[in-house]
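One chain comes next, on its own, written as structure tokens: the form predicted alone.
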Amino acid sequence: MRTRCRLVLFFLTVGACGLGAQSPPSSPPTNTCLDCHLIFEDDEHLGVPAQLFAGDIHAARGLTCAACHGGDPREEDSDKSMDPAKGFIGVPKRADIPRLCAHCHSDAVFMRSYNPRLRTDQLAQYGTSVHGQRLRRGDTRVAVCSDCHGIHDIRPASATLSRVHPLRLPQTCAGCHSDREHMKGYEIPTDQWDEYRASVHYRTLAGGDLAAPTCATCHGNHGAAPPGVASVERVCGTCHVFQEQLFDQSPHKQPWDMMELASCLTCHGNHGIQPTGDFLVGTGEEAFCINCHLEGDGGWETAEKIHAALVGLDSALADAAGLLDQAERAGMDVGEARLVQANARESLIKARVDVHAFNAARVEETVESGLELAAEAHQAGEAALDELAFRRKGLGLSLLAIAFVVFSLWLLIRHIERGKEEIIYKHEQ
């Protein structure tokens, strides 16, 4: 490679200046690495990396190839620019990549001049992860910085082209975790990506909500480690705070802890979490409760009461909404009733969260307040439709009266015209 670079630079110089021509001295290029590598544009090892580097965040910040590969990019002679005495290391070994990146990224003083908000504990976090622990034991197949962030085309995590942008992160993780050949020997399923793509979390993310959970939300990023069974509830609770608090107060908390069961996962699963609904609680075929409770026990009865309460409020809200929709389409003002309806809907949402306490009395209390509001909205809808009917009757009577007056005027006009015709006729006779 060095010989090729020297030859290329020589012929470029000759071609630019002409044989025997005198050229004025010029300052050497600041990055001879790119000058040489860009010549081999179709070479995946030489030209392509140089082309990709143009869009790299490090290049945008003024760093050169030497920041990672060492050497002196100011030297035109490849023997000098790639001199090991000047720190040239070439392609770093996989096992060395985390510490190589950390040479800058763990230096708080150095990083402050580039991005004061960027954390500088990534290497320490990586050391706590399963990836970092396995790398220390000599397993070089585990993920290192370049596997997740890229190599020569690294972008900020906020950039949509970044491999760790929320919309692209799941696929980045799947690059290893869905590869059955690569994951052999780790005893880890390889269907996480397929399950996640079918989940409500992914559908929310794909719909444009970047706050929706991705792999890093639950597993961490630099400190990536699979949550232990005892910690899953806490992981879910970082977003679903009230559900976690209610479950901690529920009768399920103690037996779940004793049996070392993952509370949230028992009902909702992990990677393939589906949208929830009132059908999941109760004693129906799709209800979770029947997986543990038998007909006649306390849990069975509690589940039936909770389901009945939720379905009752949902049905009442649907009836009220139907009346209000009908009145609104007819042009009636139902603005205040809509506010009451929204408050009733809030009660239903709260009741569905209260389910996690597995306390029928608590759910029924919340539902009762919602039923009162739903009834108020229902009455407002009926009143609006009654007023609409009254207005229509009044309009009908008004139209009849107007029609009668018009008809009477027509008769009067006809009578007057006939009288005039008779007078004219007698006068002519």
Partner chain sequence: MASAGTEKGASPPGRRQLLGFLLGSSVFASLASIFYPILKFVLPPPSGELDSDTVVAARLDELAPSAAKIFRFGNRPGLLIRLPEGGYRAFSATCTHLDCTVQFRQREQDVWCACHNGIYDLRGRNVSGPPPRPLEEYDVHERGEEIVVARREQA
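Predicted model only: the values in this text are computed from it and were never measured. Residue numbers count along the first chain shown, from 1.
What comes next is about the form predicted in complex with the partner chain, which does not appear here.
Only one of 368-376, 400-408, 33-41, 59-67 gets a heavy atom within 4.5 Å of the partner chain in the predicted bound form; which is it? It is the stretch 400-408.
Considering only heavy atoms, tell me if residue 217 and the partner chain come within 4.5 Å of each other in the predicted bound form. Flag for residue 217 set to no.
Do residue 139 and the partner chain come within 4.5 Å of each other in the predicted bound form, heavy atoms counted? Heavy-atom contact with the partner chain at 4.5 Å: absent for residue 139.
Can you check whether residue 193 is within 4.5 Å of the partner chain in the predicted bound form, heavy atom basis? Because no heavy atom of residue 193 falls inside 4.5 Å of the partner chain in the predicted bound form, the answer is no.
Using a 4.5 angstroms cut-off on non-hydrogen atoms, would residue 105 count as touching the partner chain in the predicted bound form? No, no contact at 4.5 Å.
With the partner chain left out of view, which of 234, 94, 350, 305 would have a heavy atom within 4.5 Å of it in the predicted bound form? The option sitting close enough to the partner is 350.
Heavy atom within 4.5 Å of the partner chain in the predicted bound form - the one residue of 279, 88, 242, 114 that qualifies: Contact check passes for 242.
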